[in-house]
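The chain below stands alone and is given as structure tokens, in the form predicted alone.
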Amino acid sequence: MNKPICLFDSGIGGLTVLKKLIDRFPNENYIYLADLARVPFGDKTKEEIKKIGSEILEWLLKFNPKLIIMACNTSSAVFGSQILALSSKLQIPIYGMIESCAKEIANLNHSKITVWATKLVTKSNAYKNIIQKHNPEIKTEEIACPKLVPMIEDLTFNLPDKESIIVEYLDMTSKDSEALVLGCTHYPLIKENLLRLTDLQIIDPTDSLLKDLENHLTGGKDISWNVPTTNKSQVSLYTTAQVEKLERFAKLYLCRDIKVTMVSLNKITV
């Protein structure tokens, strides 16, 4: 029961996943690694991401995790169908960000949806391939949004500049699209902006992931009655760079003062 749930991302985006996990499963313990030394992942090659991801997974194994979450759509896209084989090899459940959401979208009554994501995710057609596998009737467009992650990670952006970048990508989004998938874990941090700027249904893949995790962690039982009024989760944060930055975002989005530990993952450099 005390084994932690481990998550990783290139930067602070995965904190959006961690926040929802803590809210839904407040009795679990969590370990989060931000690879801020190599952020962003989205502009790297598949080979680089595989090396980075394998290195991080090896590091997380020392915590004897209950399960591991690739809280990063880019890593999830690169490892793709290999995630299941990797879970079997390591004998630890591993979850990505794409599979659960794409399957759920395939069951929605939409004719067209749009995915905003990193260059590597869109190049891989990661969402489109799974959605069309389950429902070829749904048209899926994937738009690379390279300006969003740097903007979100930089708290000095003022609101007009931030929203002008968001509008730039909304203008690229098809007018007949019915929903917008936030295909990067950073993007939920601009959800409030999006709700002001568009009438599109906003889909956060973390919500679909939580449903799958509920089955794994609770055996399909409804645990809402057992959720305590105070948080009991223990959260440990690690980063490969910029300790102060992760502490600042953790306080901002997790509403916790957490001391961040610096770690060195120097087997490879990219």
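For every residue, the number given is its place in the sequence shown, counted from 1. The structure presented is a predicted model; accordingly, all values stated were derived computationally and were not measured.
Only in words, not in the display: the form predicted in complex with a small molecule, which the text now covers.
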What is the one choice in 213, 203, 39, 237 with a heavy atom within 4.5 Å of the small molecule in the predicted complex?
39
Candidate from 94, 189, 149, 166 lying within 4.5 Å of the small molecule in the predicted complex - any heavy atom:
149
Give a yes or no for residue 72: in the predicted complex, does one of its heavy atoms lie within 4.5 Å of a heavy atom belonging to the small molecule?
yes
Indicate whether the small molecule has at least one heavy atom within 4.5 Å of a heavy atom of residue 102 in the predicted complex.
no
Any non-hydrogen atom of residue 181 within 4.5 angstroms of the small molecule in the predicted complex
no
Only one of 242-250, 6-14, 20-28, 257-265 sits within 4.5 Å of the small molecule in the predicted complex by heavy atom distance, namely 6-14
